[in-house]
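Single chain ahead, by itself, as structure tokens, in the form predicted on its own.
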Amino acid sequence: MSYQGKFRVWRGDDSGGALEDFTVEVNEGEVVLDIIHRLQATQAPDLAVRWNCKAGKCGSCSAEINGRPRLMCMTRMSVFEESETITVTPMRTFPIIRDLVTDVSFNYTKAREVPSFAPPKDLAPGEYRMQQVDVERSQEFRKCIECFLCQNTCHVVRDHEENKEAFSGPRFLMRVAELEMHPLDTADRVDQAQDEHGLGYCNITKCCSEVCPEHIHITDNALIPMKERVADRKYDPVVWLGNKLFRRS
């Protein structure tokens, strides 16, 4: 079963562009990325699109479909009405390179600003021991495929370009939380999360969790616990005194 689907695809580069209308064949069981490939093959061979695995695991084909940040390879055409016009645009938060491809180097800059795992100095590789509950706690965060949809939808950077220097975004605050919750990590990441990565900018709207294709509870399980640790350290006098006396070494 097939039909002629109506699409509006953004075409252009960093100097400007516009939405263009196309009619493309849609077959049963296809996803949006299939349609974009058919559009390239039949009508727009110069259309730029980033993709790799087409299995929802590489995070490359992030875009906005009808205004919602999604992976094109995981968005089935069956969720739309045949008469519906489907709009495909690049991620709005990041600079346009061309067509559906954006410059996501902001995220790699922020990744380099997060200090790596710091185990105890007297503990050799192979001697690490953790409780299963601690493994499971951070394993959720390890599911991240770095599609950067959470970064794209976060209004702190999406709507306020001036915040990008001071705010790392949910993906990398989640990385800080993962390391802070690791029982063998000796680095003190609470002040770092607040002072260097801008945790205080986050107002927990949960938009990052809503668009995550891996269904990671970024806000509930990473950002809120980190905010609680910051609040305890700064405002709880007992915790403040304990941290002064028994700070991690």
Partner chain sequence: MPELERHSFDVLVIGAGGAGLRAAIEAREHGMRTAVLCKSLFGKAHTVMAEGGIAAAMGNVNSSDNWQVHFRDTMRGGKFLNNWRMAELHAQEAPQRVWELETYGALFDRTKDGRISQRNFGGHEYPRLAHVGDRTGLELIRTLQQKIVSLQQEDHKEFGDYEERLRVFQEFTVTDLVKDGDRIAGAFGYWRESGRFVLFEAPAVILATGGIGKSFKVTSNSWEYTGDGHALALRAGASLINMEFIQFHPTGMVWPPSVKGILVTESVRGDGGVLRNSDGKRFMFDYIPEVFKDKYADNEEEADRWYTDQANNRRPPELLPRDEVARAINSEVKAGRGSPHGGVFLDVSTRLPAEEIRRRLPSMHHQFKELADVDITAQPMEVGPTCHYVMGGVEVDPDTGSSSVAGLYAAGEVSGGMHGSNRLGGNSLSDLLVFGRRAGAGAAEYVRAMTDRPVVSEESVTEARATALKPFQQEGGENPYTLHMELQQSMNDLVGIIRRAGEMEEALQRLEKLKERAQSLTVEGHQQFNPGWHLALDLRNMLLVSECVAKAALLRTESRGGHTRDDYPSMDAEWRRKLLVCTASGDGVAVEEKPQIPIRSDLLDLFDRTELEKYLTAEELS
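Numbering follows the first chain given and starts at 1. Treat the numbers as computed from the prediction; the structure is a model and nothing was measured.
Not on display, but discussed next: the form predicted together with the partner chain.
Student: Classify residue 40 as contacting or not contacting the partner chain in the predicted bound form by the rule of any non-hydrogen atom within 4.5 angstroms, answering yes or no.
Tutor: Close contact exists here: in the predicted bound form, residue 40 approaches the partner chain to within 4.5 Å, heavy atoms only.
Student: Answer yes if any heavy atom of residue 30 is within 4.5 Å of a heavy atom of the partner chain in the predicted bound form; otherwise answer no.
Tutor: Yes, residue 30 lies within 4.5 Å of the partner chain in the predicted bound form.
Student: I'd like to know whether residue 150 contacts the partner chain in the predicted bound form, with contact meaning heavy atoms within 4.5 angstroms.
Tutor: Close contact is absent here: in the predicted bound form, residue 150 is far from the partner chain, nothing within 4.5 Å, heavy atoms only.
Student: Taking any heavy atom pair closer than or equal to 4.5 Å as contact, tell me whether residue 142 reaches the partner chain in the predicted bound form.
Tutor: It does: once the partner chain is placed as it appears in the predicted bound form, residue 142 has a heavy atom within 4.5 Å of it.
Student: Output the sequence-ordered list of residues from 39-65 with at least one heavy atom within 4.5 Å of the partner chain in the predicted bound form.
Tutor: If the 4.5 Å heavy-atom criterion is applied to the partner chain in the predicted bound form, 39-65 yields 40, 41, 45, 46, 47, 48, 49, 50, 51, 52, 53, 54, 55, 57, 58, 59, 60.
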